[in-house]
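Starting off, we have a lone chain in the form predicted alone, written out as structure tokens.
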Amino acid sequence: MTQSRLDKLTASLRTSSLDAVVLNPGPTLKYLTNLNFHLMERPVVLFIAPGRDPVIVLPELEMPKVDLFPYKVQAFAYGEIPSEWDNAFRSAAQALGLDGKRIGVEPRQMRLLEFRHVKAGAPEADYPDAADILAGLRLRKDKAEVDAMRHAVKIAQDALTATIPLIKIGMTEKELSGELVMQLLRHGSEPEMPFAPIVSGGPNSANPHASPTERKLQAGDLLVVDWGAAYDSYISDLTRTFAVGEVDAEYAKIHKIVQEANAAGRAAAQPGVPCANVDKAAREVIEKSGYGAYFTHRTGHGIGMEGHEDPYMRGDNMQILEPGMAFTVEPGIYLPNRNGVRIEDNVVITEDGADCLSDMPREIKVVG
């Protein structure tokens, strides 16, 4: 599988304006090698050029991993003296004849730390953005990838189901987040989760990316829980919103509106339609209800090995949905300093429709 992924990348490079790409530790490197390398103070960089064996620069202590590569690679190792590290990068660039060439980088992943060493190894090269080529590599998930994501969804749903009975008025957001993390681990999530759970009640729930605080849950709060699990390097990303005790009629109303917007977005997710249609379908429900100004983000983002990747469910994104594309549908309404609602599901496009991997009830549930 990893050989076919490498072949796909090199085929894309041959038809592009790039002579090579460089990758540091992250999802794309894992996707192409099935190996885990640490993102740390010692740089690890893989150079890939069509028609040549890949070349890796890495610290001497990581050399045993070279034997685990699924295909032949040439390795250049360095020791513990940083002033000597550029020598290994120069040797790597020379091995592939890359100086003066166009070497694509992954802008959301490549750090200045690695880039400085790469540039020292090939100072006359150009370093254009390779995001489109690398995103396209992972854009359409195969059955094994979808199965892993489906399992990650099940872990997440089972973990929250086990956590719900523990929710009590007076519990802090941090306490609830900690309980959820323990349940995620108990139900089989990898320790490196896609993100720290968002647990936010009352006024904090009106902040889409709130972090758990010492605020205690109170009767009348809406409680947003945005959480996910990781399984076999693939992730889930879900959100449900609960009522802590009895809530005001308006809060129950906006929950129902978001629930309908979520359903509309999922229904619009079909092969052959633009990503923008998913955003439009969900947004129209909220706008027609008079709360359009309080839906302040896109309707969804791609998921896979990363929590945010292509494709994006955005109003201006005319990218066509194709089988294997996986993403979230997560409309929300956020009333500043009052309460907020978000309901999020994970969807995969199929040959003739869409498969929603998550099925946890979306109706408002009273907790506490």
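All figures in this text were calculated on a predicted structure; none of them were measured in a lab. Position 1 is the first residue in the sequence shown; the rest follow in order.
There is another form of the same protein, the form predicted in complex with a further copy of the same chain; it is not shown, and what comes next is about it.
Contact with a further copy of the same chain in the predicted complex, defined as any heavy atom within 4.5 Å, is confined among 86-94, 159-167, 106-114, 144-152 to 106-114. Remark: Met318 does not count among the residues lining a further copy of the same chain in the predicted complex, judged by a heavy atom distance of 4.5 Å or less.
At the 4.5 Å threshold, heavy atoms of Arg52 stay clear of a further copy of the same chain in the predicted complex, well away from it. Put simply, Gly272 is far from a further copy of the same chain in the predicted complex: not one heavy atom of it is within 4.5 Å. Not displayed here, a further copy of the same chain is kept clear of Arg266 by more than 4.5 Å at the level of heavy atoms in the predicted complex. Taken together, Lys253, Leu335 and Asp359 are entirely out of contact with a further copy of the same chain in the predicted complex: none brings a heavy atom within 4.5 Å. In terms of contact with a further copy of the same chain in the predicted complex, the residue from Ala196, Ala135, Ala219, Ala120 that brings a heavy atom within 4.5 Å is Ala196. This chain appears without its partner; in the predicted complex, the one residue of Arg215, His297, Arg140, Lys280 with a heavy atom within 4.5 Å of a further copy of the same chain is His297.
Taking a further copy of the same chain as it sits in the predicted complex, the stretch 28-46 comes within 4.5 angstroms of it through a non-hydrogen atom at Asn36, His38, Met40, Glu41, Arg42.
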